[in-house]
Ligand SMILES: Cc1cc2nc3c(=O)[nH]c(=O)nc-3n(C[C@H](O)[C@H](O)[C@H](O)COP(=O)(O)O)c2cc1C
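One chain comes next, on its own, written out as structure tokens in the form predicted alone.
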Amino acid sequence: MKASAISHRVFCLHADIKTDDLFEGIWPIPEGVSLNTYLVKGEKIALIDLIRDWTGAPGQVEDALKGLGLGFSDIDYLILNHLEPDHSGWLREFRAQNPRAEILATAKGINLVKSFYKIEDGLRAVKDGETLDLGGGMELQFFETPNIHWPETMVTWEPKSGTLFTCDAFGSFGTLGERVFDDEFSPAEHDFFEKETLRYYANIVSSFSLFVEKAVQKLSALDIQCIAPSHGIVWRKNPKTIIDRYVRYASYAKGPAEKEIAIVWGSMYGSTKQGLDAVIRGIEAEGVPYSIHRIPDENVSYVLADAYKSRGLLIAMPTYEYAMFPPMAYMLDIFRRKHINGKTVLRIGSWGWVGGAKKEYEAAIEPLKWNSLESVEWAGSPTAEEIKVLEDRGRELARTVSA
């Protein structure tokens, strides 16, 4: 990959990761992900954020450095905004090639350098608002932004180009190829990245939405001309687009979300599916948009994205061995972990010889503070009367969501 110039002294060096590996060991990335690192040149040279040795990422970044007439040994400062291993996993190898570079991070970040990588020397803990003079009129400033999405995180500000290096904040799934800037992608490509940004946010950042809002407020006085995250598009033309998008996503955590319904369903032998079809007819009669996800066929990553942005949820599952359908139990645990709170929810489902899902379900959703409509359960296949009740309940859910 070649280096992409943000200014004549600031460059994006990125590696495209295409793999069957799961991001964080959980989330699928069928369209890959980029690992972006940045070089700032003054009289001294700073590299902002690193990579891990993942599908040849170090070689891709090394090639970009060579295009600038540089190598890893030329770096004077390595700035680690965030110590998660996708941004620091190659640190020992970097240190072996360049033992003189000073490593900068927050105090909590420096502790992670020591515990993760057993490096003790050449470290500097920087404080909120502290600056680093690179010479030649180039200066960097550091702002702590804890819990986006680890406690040690910070962002780095380069005022001459107006570039904010944000690491995981304002990131996205998806590889970039030979283009990195927002004004280089087509509307169709932006639609793709918007979906992958929402999925990235719901999967990675949603638990920390309060801290996203705090960080945006804290940094609002900066004259930001470019948002440079460590995953995804570099926003040099319309940085406000990605900032506003993240602010909107953060707002979903406390509501209101979009006036639509995310349907999450599973069925063993088709009885729950019959009831689900009736509820969907009721939703469609009210004209409320919906997304639909069958589990366990569909990965939780995609379910989470639509559930996070939607005001309403429809949970459809059978009773399984006196308890919840196991894939739904897992899904609800993820909802709890990712704070899918404050939704308007309808639960439906069939049972065979006896019910039992209700007790476990109600315990699982208690922390989520959902507005639950009256559930509908039935034995075996639904009767005509039960189908009518289900259609009516679908209309009720839709009207409540759209109100």
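Everything numeric in this text was worked out from a predicted model, so none of it was measured. A residue's number is simply how far along the shown sequence it sits, counting from 1.
A second form of this protein, the form predicted in complex with the named molecule, is not displayed here; the remarks below concern that form.
Flag this candidate site as yes only if S271, E321 and G355 all have a heavy atom within 4.5 Å of the named molecule in the predicted complex; otherwise mark no. Every listed residue reaches the named molecule in the predicted complex, so yes.
Proximity of S350 to the named molecule in the predicted complex, heavy atoms at 4.5 Å: Answer yes; at least one heavy atom of S350 falls within 4.5 Å of the named molecule in the predicted complex.
Though only this chain appears here, would T175 touch the named molecule in the predicted complex if you measure heavy atom gaps against 4.5 Å? T175: no, not in contact with the named molecule in the predicted complex.
Is S267 close enough to the named molecule in the predicted complex to count, meaning some heavy atom within 4.5 Å? Yes, S267 is a contact residue.
The named molecule in the predicted complex: contacting segment from 157-165, 321-329, 76-84, 253-261, heavy atom within 4.5 Å: Selected range: 321-329.
Listed by sequence position, which residues of 375-392 have a non-hydrogen atom within 4.5 angstroms of the named molecule in the predicted complex? Just G380.
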